[in-house]
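Before any questions on how it binds or moves, here is one chain, the form predicted alone, in structure tokens.
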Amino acid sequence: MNILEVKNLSKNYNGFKAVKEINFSLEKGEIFGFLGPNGAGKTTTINMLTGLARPSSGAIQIAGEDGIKNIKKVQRIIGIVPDESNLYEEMNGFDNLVFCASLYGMGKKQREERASRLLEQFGLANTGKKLFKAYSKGMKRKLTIAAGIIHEPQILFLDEPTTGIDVENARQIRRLIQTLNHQGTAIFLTTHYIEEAERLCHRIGFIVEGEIVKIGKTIDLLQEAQKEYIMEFTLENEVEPLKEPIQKTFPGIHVYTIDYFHLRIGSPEKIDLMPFMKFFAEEKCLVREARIIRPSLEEVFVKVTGIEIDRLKKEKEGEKK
């Protein structure tokens, strides 16, 4: 059963279509991943779903309610975790949670008990009295998620939950997301971290330039990827200038770069290594390594969107700086 349904949803900004008539649904008890590069329309979509932006056209249905006309009513059953924290720097962690709970009409005893439980659950019990501005990035992210679920929402909207934080905190947050989902919370997750979507999501929608280009169950997308044979080459030369010559020499294959020295070749048939080694020799390119790659969601993303993995990695690295 669907708890969220979106039909022909669009958002225009002064003639620019940020989101273009998208359609998707979120089932009860599901984690739905919205995957795409920066600027694809992920945050605009989540803002429309949560009432932070008004759609130009289309319909949103949340738990049987009109998510546009009755957004105030809907906001009481949804939780929102924006990509940037919306908590108060000069308040401590406990008081931030208690204040958020008061916005939903919870009584004093109930909100204090709930805040204490969440601090314990999120590993923040020892820092509950510390000012929010003194928290690390990972701690801030966890407290922001705790604030988003203080009222035990039916749906949690998470916008880039692990962007810009260290590996250990990102791992802890993914575990928290899985725990919340196991407890019955439906989760709508935007991310451009492909491995995060693969690990967490039951279904995934790919969005590029405001359009959803594919939606599928994660397991089905992975099975689709594994029908392709992939080989990765590490060269001593820059790989980008070789893409077009390889494509012309070996029609029917898919070529994409990983970074400056690495490229991958995908084929529906088993790949014979020797013709490629001959090609690189003729191009005076030294091959340092050639290895078979087990296909992953990255390959599906590249094939469906045309956006190469190195672009996404550059975006990740840029955000961490």
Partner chain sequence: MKKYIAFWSILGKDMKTYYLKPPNISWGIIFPFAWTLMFFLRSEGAVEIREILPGVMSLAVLFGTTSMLSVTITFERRSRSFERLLLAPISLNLLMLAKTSGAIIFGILNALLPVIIASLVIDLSGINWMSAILSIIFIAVTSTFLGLFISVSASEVFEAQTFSNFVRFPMMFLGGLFLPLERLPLFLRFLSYLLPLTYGVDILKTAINGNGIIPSGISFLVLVGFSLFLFLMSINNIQKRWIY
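The model shown is predicted, which means the values in this text are computed figures rather than measured ones. Numbering follows the first chain given and starts at 1.
The same protein also has a form predicted in complex with its partner chain, omitted here; what follows describes it.
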Completion exercise
Here the chain appears without its partner; judged in the model of the complex, the stretch of 211-219, 103-111, 173-181, 192-200 with heavy atoms within 4.5 Å of its partner chain is 103-111
Problem - Non-hydrogen atom contact Ile258 with its partner chain in the model of the complex at 4.5 angstroms - result: no
Practice task
Please check if Lys129 has a heavy atom lying within 4.5 Å of any heavy atom of its partner chain in the model of the complex.
Solution key: no
Problem - Contact of Arg76 with its partner chain in the model of the complex (heavy atom, 4.5 Å) - result: yes
Handout entry: Heavy atom of Ile246 within 4.5 Å of its partner chain in the model of the complex
Key = no
Practice task
Spell it out for me: taking its partner chain in the model of the complex, does every residue among Phe16, Pro37 and Thr162 have a heavy atom no farther than 4.5 Å from it?
Solution key: no
Problem - Position in contact with its partner chain when the complex is considered in the model of the complex, options Ala125, Met91, Met231, Leu235, heavy atoms within 4.5 Å - result: Met91
Fill in the blank from the handout: Of Leu242, Ala147, Leu119, Ala186, the only residue with a heavy atom within 4.5 Å of its partner chain in the model of the complex is Ala147
Completion exercise
Checked 78-94 against its partner chain in the model of the complex; residues with a heavy atom within 4.5 Å, sequence order, are Ile80, Pro82, Asp83, Glu84, Asn86, Leu87, Tyr88, Glu90, Met91
